[in-house]
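Next comes just one chain, in structure tokens: the form predicted alone.
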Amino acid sequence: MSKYHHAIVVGASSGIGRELTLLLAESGCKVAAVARRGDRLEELERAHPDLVFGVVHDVIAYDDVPALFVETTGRLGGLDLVVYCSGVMPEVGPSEFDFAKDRSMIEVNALGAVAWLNQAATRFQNTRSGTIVGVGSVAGERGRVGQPVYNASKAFLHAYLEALRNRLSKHGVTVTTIKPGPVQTEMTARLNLAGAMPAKDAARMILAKASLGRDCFLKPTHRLIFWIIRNFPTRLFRKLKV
């Protein structure tokens, strides 16, 4: 039996979000699966008709979120857990600076998270309970040359979640930041990442760490590796061109 009874997963149609939705439902948790692609949500509903219902929503429709959040929690009959794992990472060339692509990453990876998690923070602050989980990335640990704005959007998410944690801990609310390394998803398929973790394995680990209320890497070695990367001298880091 799950420790969670009512959950919202934002970004539920594929990858980690889909696997989290399925795992939560398998544990007996009622889940509102939020995503743009209604056909994908219908698949989740068919897999667990009594426990999953889809909410078709584009996370950049920020003005819709307050009313949608109230409606969704009403349908759930309560709320214990909110997970934000929507994210985009368009291909960016090594000499490319494309504002449209950059804006999409900020809108989805950062502003969409604020729109949804501000609602969760307000509710949980008032109820003095609840868990917020934001799925970030090790990419947010440093400004690397390959994806400047993707890195920045994840760094924003990490700082925002830390601030929520510092605000809400005194109210009995848990805020956990997940920093996965490479994971096998539709978003990363074009990258041919060696040793990437299956999305289902990542989802299992995220649920296991959701209640920890801190920054969490999915692999123990990543905490040390990215501590070194964060503290590597800028001049040498730039020469590495990672």
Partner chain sequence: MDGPSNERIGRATGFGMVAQGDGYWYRPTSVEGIRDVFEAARRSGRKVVIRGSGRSYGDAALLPEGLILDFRRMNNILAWDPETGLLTAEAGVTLEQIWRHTLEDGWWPPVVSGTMFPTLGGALAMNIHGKNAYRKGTIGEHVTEIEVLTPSGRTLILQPDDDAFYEAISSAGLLGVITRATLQMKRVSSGDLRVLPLSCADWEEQFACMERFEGDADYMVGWVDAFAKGKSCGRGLFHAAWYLDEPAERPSSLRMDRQDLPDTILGFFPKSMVWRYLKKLNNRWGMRQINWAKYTASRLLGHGKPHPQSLVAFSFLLDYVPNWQRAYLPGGFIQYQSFVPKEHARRVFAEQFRMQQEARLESFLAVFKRHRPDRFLLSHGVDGYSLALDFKVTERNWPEVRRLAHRMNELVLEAGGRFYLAKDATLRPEDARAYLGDETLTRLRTRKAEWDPEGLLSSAQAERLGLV
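Numbering follows the first chain given and starts at 1. These figures come from a predicted structure and were not determined experimentally.
What comes next is about the form predicted in complex with its partner chain, which is not displayed.
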Problem set entry | Output flag, 182, 217 and 221 jointly within 4.5 Å of its partner chain in the model of the complex, heavy atom basis | no
Problem set entry | is_contact(residue 169, its partner chain) in the model of the complex, heavy atom dist at most 4.5 Å | no
Exercise. So, in the model of the complex, is residue 123 in contact with its partner chain at a 4.5 angstroms heavy atom limit?
Worked result: yes
For this session: Spell out, yes or no, whether the shortest heavy atom distance between residue 77 and its partner chain in the model of the complex is within 4.5 Å.
Result: yes
Exercise. Using 4.5 Å between non-hydrogen atoms, is residue 71 touching its partner chain in the model of the complex?
Worked result: yes
Problem set entry | in the model of the complex, the one of 119, 131, 86, 151 near its partner chain [non-hydrogen atom within 4.5 angstroms] | 119
Seminar exercise, completed: Of the candidate stretches 100-108, 77-85, 136-144, 157-165, the one with residues having heavy atoms within 4.5 Å of its partner chain in the model of the complex is 77-85
